[in-house]
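Read the single chain below, which is given as structure tokens and is the form predicted on its own.
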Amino acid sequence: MDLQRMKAKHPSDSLTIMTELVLPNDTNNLNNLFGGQLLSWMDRCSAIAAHRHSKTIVVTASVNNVSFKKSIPQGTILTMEAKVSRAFTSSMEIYVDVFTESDDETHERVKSNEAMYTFVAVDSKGKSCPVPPIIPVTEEDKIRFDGALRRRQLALILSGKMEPSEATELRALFVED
């Protein structure tokens, strides 16, 4: 095992910023960005963040949550910012924020969408491999880090891989001990 790869990292170490221009090919009949196109761009941005963190091949395991808060019209400049919110044994949750730039004189950045992806680090044979832990720094990092464990526990319960009684983080939200 490469010890350099296992040194704990900060979420900002994986920060990936991608900018896209919404062109006619990317839009639906209402001249708004196709949701599937946005998912593809977010997946690519997230994959780069996961790779930067793990320094190995990564594969998309799941799209945990996608929030389409605002439509994105043709001609919009959009920026995606992705970074690892938490690392587990071989998987990583990546949080992606999507911002649009207004086309008025202010060019104000507005958050329009967000998503959470899970990636798994794999070797050249496709076998999962360990990833470094994350040390959250900012308040936002800490909130996303804590939430990632609850989201993971919920996903494991729903997939039948964890008993609800084992989900200590989720249980703490609802039951006082």
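Here the rigid core means the biggest group of C-alpha atoms that line up within 1.5 Å when the two forms are laid on top of each other. Numbering starts at 1 and follows the sequence shown. This structure is a prediction, so every number in the text was calculated from the model and none was measured.
Only in words, not in the display: the form predicted together with a small molecule, which the text now covers.
In the predicted complex, the small molecule lies within 4.5 Å of some heavy atom of T118.
Although the partner is absent here, T60 lies within 4.5 Å of the small molecule in the predicted complex, judged by heavy atoms.
Mapping the unseen interface onto this chain, S128 counts among the residues with a heavy atom inside 4.5 Å of the small molecule in the predicted complex. By the criterion of a heavy atom within 4.5 Å, A167 is excluded from the residues contacting the small molecule in the predicted complex. Interface residue among S90, T79, S71, T76 relative to the small molecule in the predicted complex, by the heavy atom within 4.5 Å criterion: S90. Relative to the superposed rigid core, G160 undergoes a CA displacement of at least 2 Å between this form and the one not shown.
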